[in-house]
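Here you get one chain, nothing else, as structure tokens; it is the form predicted on its own.
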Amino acid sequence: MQIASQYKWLWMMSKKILVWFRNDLRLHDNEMLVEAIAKSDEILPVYFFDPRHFQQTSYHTLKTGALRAQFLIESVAALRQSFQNLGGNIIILLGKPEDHLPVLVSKYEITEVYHHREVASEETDVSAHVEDALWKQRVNLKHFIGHTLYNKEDLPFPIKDIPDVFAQFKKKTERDAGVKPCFLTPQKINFVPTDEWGALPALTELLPHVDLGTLPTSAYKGGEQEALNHLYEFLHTGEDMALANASLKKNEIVSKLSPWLSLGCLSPREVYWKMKEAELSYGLKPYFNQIVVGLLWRDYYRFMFKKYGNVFFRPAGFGHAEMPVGQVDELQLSAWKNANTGHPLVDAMLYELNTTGYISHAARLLVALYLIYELKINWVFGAAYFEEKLLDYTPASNWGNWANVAGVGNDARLTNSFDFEKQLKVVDPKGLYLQDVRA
């Protein structure tokens, strides 16, 4: 009896950490997961399909459209499979984290909760609500930052002093900061036992009021292994794949890694170091540097959101005067969304966006310029539409880019530097883009 009591006491004293996954759906290079495993006896992975992420916005768009929702479901399913391969699982719930986490903490006698902090206000508000709820249970919510190539503590300046001009940010960061090595992928995990892992929601559960029709077959499949496979093929297939993925603006190479980066199925540092390995085999390819620049842009906008917060969501942006949204020509906006503007190249690019969930940066710039400067429609309607449609949507990159194109961003060098006609001449001078889309 005494021995049994001893074992019961030891079981009750074991440390259990709940690992709350958000946009970090991977095992590789995941500091949060590695530390949770190291500092606990057992972990309990959890993911929430938050219904707020699938609601309608004030701009009459969805926060998450069907293609992106499907990509998310696939990514969570892949993470579940990874845990199952290690003898465990992940709890999947449809609901608000602040409602369910306190219940899980109590039920499984959790001693600490780990999660990645986001930078946009809606996401940080959720973290704050969770932290308040857990505080009442005397349970700590530990924050991790794992979405960037460079850690904020490794930057050569504090957040408040980060240069607003991207070129300056890039120069100083590349010169004075280093990219840390990746964390090792866990090979063994002890899981908190439970039979209540929950089921993956169907697309119709996430978007019950949306006529889904027949979804186009996407070229992108969510999940960590899909991301790693795509990265390997891009780096090692050679020039043929690189050129096949090139946009037609100045032969810009498009790696198309961003959908997996946005959900954290792929770590920016994994991309960087795998690229460095490829350099040893093939030498420095021109498009390798473009990959790094793309990762730096992601870092830049994320740190700008950390520095300035919700300014990027205001129609006036960083402008001195308030800018009302104003009246919008619904017919023109609808034509733009439905790739029916009458401008062949703009329509081709929007058609590609609507059917695949992805277009290159050059295409995004062109259709944004058309909406803002040709149709005279407020830029926030375009940003909101991209939020719905883009597989690689992140608040910082999307709203930061749109604000700069609209001339209300924080980088003074980008403000008022865009011209639709000039962009048109360099994007597709030979009409090859139209031929490719129609094919």
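For every residue, the number given is its place in the sequence shown, counted from 1. Everything numeric in this text was worked out from a predicted model, so none of it was measured.
Omitted here: the form predicted together with a small molecule. The next part is about that form.
Using a 4.5 Å cutoff between non-hydrogen atoms, Y301 counts as a contact of the small molecule in the predicted complex. Shown alone here, W297 lies within 4.5 Å of the small molecule in the predicted complex, counting heavy atoms only. The closest non-hydrogen atom of T64 lies beyond 4.5 Å of the small molecule in the predicted complex. Mapping the unseen interface onto this chain, L257 counts among the residues with a heavy atom inside 4.5 Å of the small molecule in the predicted complex.
Stretch 283-291 is the contacting one of 283-291, 206-214, 306-314, 349-357, since its residues have non-hydrogen atoms within 4.5 Å of the small molecule in the predicted complex. The listed set V113, L72, L235, L261 contains one residue whose heavy atoms approach the small molecule in the predicted complex to within 4.5 Å, identified as L261. Distance criterion of 4.5 Å from any heavy atom to the small molecule in the predicted complex singles out F386 from the list F49, Y373, F386, Y59.
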